[in-house]
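Starting off, we have a lone chain in the form predicted alone, written out as structure tokens.
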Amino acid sequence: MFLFSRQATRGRGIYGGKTHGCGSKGSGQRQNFMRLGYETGNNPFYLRFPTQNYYKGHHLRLSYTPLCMGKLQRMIDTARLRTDRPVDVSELTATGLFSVKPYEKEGGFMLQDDGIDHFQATVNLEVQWASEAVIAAVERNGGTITVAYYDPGALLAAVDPMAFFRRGVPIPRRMLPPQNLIDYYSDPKNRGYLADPAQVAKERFILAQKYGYALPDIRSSPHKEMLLERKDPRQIFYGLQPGWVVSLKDKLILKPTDPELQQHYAS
């Protein structure tokens, strides 16, 4: 005698109505959804009102991960960040508290003035955007700050160095800023990494006079070498030059010997 099992119901296919909530015809039924901002052939809103300067060059703008001064001080106090070496994108993302997505038009970190009155650390800081008040707060405590641009490829390597090194590819050159950002990163008032160091030193003195504090002498500081350490405009990692290959398996650093490669990766 054979026993056959029968399904109690007819399954989920009988529920949901005739079209299962997708309607009849159109993009909803065919799962062909329109992109965000598309107005079914009409002139889009940001083009319909071209006098709105807010939308000018919107496709070129970058968003930045906010980093508050108070949170930066808290990370230093809780030993998440070390002050005996420069703090850059790699150091900040290594804390595990931030997420930077270069290919979603994120350009790095923007230092904000929340908690500025409680900031007391002496650091060599590199971020991607900073205001005048924030720069004054860092330099008042004897520190240095630099704003530097990272292109998406360089930023992707900087936010996760170990994943990049496991690929076994040469460290790329950092590209120069686009045309709409070249002025910002070349201005000594912003402490741009492309600015003249002599002009930056002059602007440090002017800013100290403006905010009424005595500018500490970095030359006499015991951490002079650390505070004055800077990256080359084409460099991504401290201590590693473009073109080098870091082998984690063999624990070796391979440097190019071909003259053409050396010329290509030279700053």
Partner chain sequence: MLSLRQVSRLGWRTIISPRALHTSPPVSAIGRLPAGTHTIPEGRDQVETSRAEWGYVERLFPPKTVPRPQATPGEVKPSGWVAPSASRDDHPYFVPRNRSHMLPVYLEHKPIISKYRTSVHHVEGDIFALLEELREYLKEQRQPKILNMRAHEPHQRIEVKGQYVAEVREFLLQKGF
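Residue numbers count along the first chain shown, from 1. What you see is a predicted model, and the numbers here were worked out from it, not measured in a lab.
The form predicted together with its partner chain is left out here; the points below concern that form.
**Student:** At the 4.5 Å heavy atom threshold, is D187 in contact with its partner chain in the model of the complex?
**Tutor:** Because no heavy atom of D187 falls inside 4.5 Å of its partner chain in the model of the complex, the answer is no.
**Student:** Is it the case that T78, even though its partner is missing from this view, gets within 4.5 Å of its partner chain in the model of the complex, heavy atoms only?
**Tutor:** Close contact exists here: in the model of the complex, T78 approaches its partner chain to within 4.5 Å, heavy atoms only.
**Student:** Might F237 be said to contact its partner chain in the model of the complex, defining contact as any heavy atom within 4.5 Å?
**Tutor:** It does: once its partner chain is placed as it appears in the model of the complex, F237 has a heavy atom within 4.5 Å of it.
**Student:** In the model of the complex, does P170 have a heavy atom within 4.5 Å of its partner chain?
**Tutor:** P170: no contact with its partner chain in the model of the complex.
**Student:** Looking at G192, P177, G143, P86, which is the one with a non-hydrogen atom within 4.5 Å of its partner chain in the model of the complex?
**Tutor:** That would be P86.
**Student:** With the partner removed from view, which of 39 to 47, 197 to 205, 237 to 245, 23 to 31 is the stretch that lies within 4.5 Å of its partner chain in the model of the complex, judged by heavy atom distances?
**Tutor:** After filtering at 4.5 Å, what remains is 237 to 245.
**Student:** Within 103 to 128, which residues come within 4.5 Å of its partner chain in the model of the complex, counting heavy atoms only?
**Tutor:** Result: H118, Q120.
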